[in-house]
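So here's one chain in two forms, each on its own in structure tokens, numbered structure 1 and structure 2.
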Structure 1
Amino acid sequence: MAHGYKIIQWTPFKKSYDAALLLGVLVFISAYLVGALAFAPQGERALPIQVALRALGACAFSLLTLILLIGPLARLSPRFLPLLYNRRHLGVTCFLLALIHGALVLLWYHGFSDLNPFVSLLASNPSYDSIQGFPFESLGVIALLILFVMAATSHDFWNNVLGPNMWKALHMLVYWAYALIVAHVMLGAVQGEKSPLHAIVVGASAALIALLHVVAGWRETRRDTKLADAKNDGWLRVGPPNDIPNSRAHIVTPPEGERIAVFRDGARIYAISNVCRHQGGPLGEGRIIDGCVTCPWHGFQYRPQDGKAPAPFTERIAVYRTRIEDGVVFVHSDPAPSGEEVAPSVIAGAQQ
């Protein structure tokens, strides 16, 4: 949260997450090296340095594919939420792998030129007007610059400085970086390969990412168009209180404004904004832990009665009035004045 910053606030979960990440990277690169050096047909075997730089590039591409799969998967099923929690560690690792890949390319293919290696990389092939022989390296350079900006601003410090909306808009550049990398591989490595394996893997990865994003986006749009039943006086129908699982929420969509998460904590009913102040996480998909609504994305917490983060944190979200009438919960679509504590509705006859 915004109260003081450390580079990484280590927890046992983060340590095991990063250990699994490191192991995965090592296994991927080792398998690629062994496969390409030991099993390639005679006459098609590349030099070890060429295989190494391709292994690093392939690993960075695979990691970026995984990173982009996590978002829609977590929206489609909460089982994938633990992967989302420390996704930025995957992003920084991906950038470092891509950087080493780029450095090796620069050294091996341009380090022996009379020109400055950077000039040689960007100027040696000017065929920008042709798909055949297109200077695919420049696409990789632009993608690497985007990944650098994202890795450099991945810390919560920058989220706080830029604001969640600007930060998110900046980090949506990752999709363009991915498109550039797909083009970089398709117009580069794939052109020189006899086997169609690279083209199939890259094409299938891009197709899977596009499909999952489109499906998850379609589901979200459908939710936005399925508005809660509204009375003329601004009260929205939520449903019977016991239909809301304990410590969890039902999410309702008002005609205007953000979604509202209606939580049940034992016999008490609270309503808060569904949007976390940190990165816009869906609070209604989280649960109440130690009396606080906990965001499923990164664990930010808010008290359901006034929307304030517990001290010493200072974030605050909107809270809404609720009422129970004839066994049905209603929530008012207008938020309560900022900072005001809203008394919960109590389910009659239920144990608190």
Structure 2
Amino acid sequence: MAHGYKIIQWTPFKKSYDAALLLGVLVFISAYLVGALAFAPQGERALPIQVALRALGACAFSLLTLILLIGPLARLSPRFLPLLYNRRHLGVTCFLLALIHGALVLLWYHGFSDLNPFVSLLASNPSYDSIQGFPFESLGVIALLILFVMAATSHDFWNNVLGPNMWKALHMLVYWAYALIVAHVMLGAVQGEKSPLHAIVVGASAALIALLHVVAGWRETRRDTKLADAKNDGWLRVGPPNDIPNSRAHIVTPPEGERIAVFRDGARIYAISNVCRHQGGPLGEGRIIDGCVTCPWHGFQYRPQDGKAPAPFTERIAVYRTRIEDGVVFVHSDPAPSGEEVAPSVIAGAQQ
């Protein structure tokens, strides 16, 4: 966590992360340029600037595909979490590549028109009723605007100003941007290709994203413990306390509402909301460090007894009452009043 907003401190991990990102972008673009210019059949070679703008567009599309793959991959395996921590770096880089791609398109195809290049781009082809001649450029413009909004609001300052829910909803527009880019490529670059390779790559990328999201969602649904309010008094059965790993949580899903993370800290049992106030991270997949539940995504911390972030931070999450009866942990489905401290349940006979 960081108090206030200041210049980012580039840790060794961030430096290696961004170095790998920059190297990957350079290798991708270089390989694309060499392949397109050196191996294209005679008479079919595009001009270098045309190849360059296609390389930039292809790299931006590949980065956006990777961005959308990271989420479900991190849900399927914690090994991908390091990619998730600094995913915004990928997003900003993707936007910059798409912006340069768009600028080259304007310069090369519309820079010599009597009209303003941007007006020329949008007005030169009004055939919206045609699949073959659809003005795919407009789809790219809309997608670029979405990527701009996301890049401009990627800093935690905007998360704080907009609130986590609004910020998250805004950044979910990335899926619309991706759909627009897929249509942009399919109705544009793919139309002029004799080989089906581009269409196969784009289609397979979109299919892979959809498949991984379905698999991750299915696995998470199966992993949830759906609790029934059998006694009709709000107390929900979780299970034996020692089934909860020390400093870790067992995530349960009440009949209604958000998931609840039931933590064991030695002999003490706590229950908190599973949703981090920063970017909606799964608190129940984190652990207790120095007495605070620590989000596995970006390290935001909360005291499990009252849900408050340690001073000077002001974030707060819901906490729930627990009890242990006949060797079984129960959690109440209704959160305690905001800010109220809830005493933990203590495992009988265990050392605290």
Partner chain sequence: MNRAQRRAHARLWPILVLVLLSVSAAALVAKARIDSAAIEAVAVLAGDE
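Take the two forms, find the largest set of C-alpha atoms that superpose within 1.5 Å, and that set is the rigid core. For numbering, take structure 1's sequence and count from 1. Computed from a predicted model, the values in this text were never measured in an experiment.
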Form predicted on its own, is that 1 or 2? 2
Examine V25 after superposing the rigid core and state whether its CA is displaced by 2 Å or more between structure 1 and structure 2. no
After superposing on the rigid core, how many Å does the CA of E340 move between structure 1 and structure 2? 2.6
